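Here we start with a single chain on its own, the form predicted on its own, put down as structure tokens.
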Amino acid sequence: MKNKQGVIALLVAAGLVLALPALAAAEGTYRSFLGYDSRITIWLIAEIHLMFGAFVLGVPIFAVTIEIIGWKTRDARYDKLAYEFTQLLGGAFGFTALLGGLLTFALFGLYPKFMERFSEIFHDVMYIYAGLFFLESTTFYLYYYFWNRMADRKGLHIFLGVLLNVWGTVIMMVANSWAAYMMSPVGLDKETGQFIGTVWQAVNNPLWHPLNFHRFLGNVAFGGLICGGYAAIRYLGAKTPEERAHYDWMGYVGNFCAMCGLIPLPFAGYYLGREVYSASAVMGNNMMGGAFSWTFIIQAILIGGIFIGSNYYLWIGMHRIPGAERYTRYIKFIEILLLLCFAIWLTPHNLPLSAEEQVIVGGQYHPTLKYLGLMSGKNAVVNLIILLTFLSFLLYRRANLGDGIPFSRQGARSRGVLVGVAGLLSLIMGSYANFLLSLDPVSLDLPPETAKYFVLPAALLIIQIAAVVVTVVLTFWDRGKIAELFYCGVTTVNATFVLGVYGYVIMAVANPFLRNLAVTQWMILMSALVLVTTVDVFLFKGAAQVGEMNWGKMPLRSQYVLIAVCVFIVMLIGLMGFIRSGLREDWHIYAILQDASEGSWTPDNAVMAKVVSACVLVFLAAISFLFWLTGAGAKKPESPEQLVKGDTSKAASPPELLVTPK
């Protein structure tokens, strides 16, 4: 591993040596990179660095989680899987650091005046950032190279893994503070524009926490789908049934972990977008209704493709489960609803029509479809997409299990946990209902008489609390399945249909309140995911299996789906990087320090597509090279019999995660 990283470091260092003379050749406020546009140069380097950063943050999160599961269940196969995930990080850490160094050289070389101004504010934080990266790298090498030596001290080894995730998350948050500050600067003198605040004020700017939340979930989804793509490629090249079984399981784990991050991601994006509006109405309007509006249609296509692809992969996976035929008849209904929701989600509000087409339609907006392009309709279908995806996981989990164990036989601990979860959810929703009822419309720049529009969302939260109570009572009466259907039904009606339609009313009479309406929908939806999962885990705890899982029996098309969603997530993170940075248009620091270089223009969608595609191709080529290095250095078993009869960590039938059949 060290030799591989040394070769990588030498190659990148050689590139830096060749680039530095060009960076230093010119003097002044702006310079060019070998005659190329400076902004696109920074864009390419920063985006690829961001992709590697997302990978090295996301993968350790579920690698440590899987290691903990293996430690608690005393199953060495989990440990083997966690180690294989960690193996993928070695070269990625080196690439991330080297790209970060290249980005630093490029920024100081191409934008010296801006970096001088920027470092005056954040120079202390930059030193902390460097120290944190040193701690993260040291912790990673201890965690990776002492894996086998600490086999009898798993608690200490897991502590190193948790510490690795802490350093990585803090590093991400520090870097986010810089990007967020450039979009929402604070602590400035209104007349001179000079920074007069504290470093903490600059770090804790209005967009910092929304960006942290959004990027953390995005990194988890990104890392999971990249690992799923790796497993798919290894599955396609596997020579033995044992190898196919292992990589089939690895692909499932990667897809599952990615969906855990992807399900709440649309709400994190909405939260970030809402705060962008709050920081700058001009930037917010440009984001959703101006030059960047069509990029969100592309975003909808990519996210919808990931959801549909992940569901399709899960449905194919049910064919490896004995007993799954009981549920396959429901899949066609889930698929139809998913496709309908996807169609609504990607419907634009304004259509790109010629003058003749506008005459035929009656204007730039379609008389009916224009309503589907509004945020209220999109919020409604996003809720339904997530509920349908959750339903797919429930069906998969139950596929080879019997009827389950009556809840009355699950013990006092199960009842206590269920009551605790129900109480916590009721407390959260009740608190927000009280907040809505006491909300002053003036705080939203609305007239006092609009307070009446706040009552319905609060009332629905109270109805949802009542549904929680009914669900718990039905579960205690051994009607757990009916309780799950009841709560999912109430959630669908309240979050999708009632609030989805009510959103159009709010947009017309109290538009600023729409953000609170979206939070209400999110709370109702998440309560369903948490409560129904809790009921289902206990309901099928100890249930008899219908048959053994047939790992490694997946058709080849399932692996191509994993590769496709891997490519989609890379394209998505590239697109969102463009949107987040491009919203500043020709400002280094929004409304404070203007970009006066020749490359300060905002790229159109054609240029965006070319640059993002280049970033995607370079990243996929680099990560494929690292995956090849990992596979080339892996020790091959001498025979299939050795794989089965040797170490138990190499057994042929990987176990399931806690969310799947035992």
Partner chain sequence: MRPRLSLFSASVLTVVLAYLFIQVVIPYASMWIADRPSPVTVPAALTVIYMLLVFIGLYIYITISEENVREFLQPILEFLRGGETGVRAGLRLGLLALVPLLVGWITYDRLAPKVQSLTGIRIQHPTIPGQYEKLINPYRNPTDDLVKQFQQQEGLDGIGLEEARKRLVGTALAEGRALYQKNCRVCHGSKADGSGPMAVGFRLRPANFRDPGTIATVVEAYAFWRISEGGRGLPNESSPWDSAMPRWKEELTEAEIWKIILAEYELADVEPRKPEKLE
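It should be emphasised that the depicted structure is a prediction, and the values quoted were computed from it without experimental measurement. Numbering follows the first chain given and starts at 1.
Unshown form predicted in complex with the partner chain; subsequent notes refer to it.
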Hey, in the predicted bound form, is H209 touching the partner chain, heavy atoms inside 4.5 Å? no
Touches the partner chain in the predicted bound form: D75 (any heavy atom, 4.5 Å): no
Heavy atom of T368 within 4.5 Å of the partner chain in the predicted bound form: yes
Contact flag, F538 vs the partner chain in the predicted bound form, heavy atom cut 4.5 Å: no
Counting any heavy atom within 4.5 Å as contact, can you tell me which stretch out of 330-338, 544-552, 489-497, 144-152 lines the partner chain in the predicted bound form? 330-338
Which one of G131, G411, G362, P406 is close to the partner chain in the predicted bound form, taking close to mean a heavy atom within 4.5 Å? G362
Out of L110, A467, L372, A399, which one falls within 4.5 Å of the partner chain in the predicted bound form, going by heavy atoms? L372
Can you tell me which residues in 315-330 come within 4.5 angstroms of the partner chain in the predicted bound form, by heavy atoms? W315, I316, H319
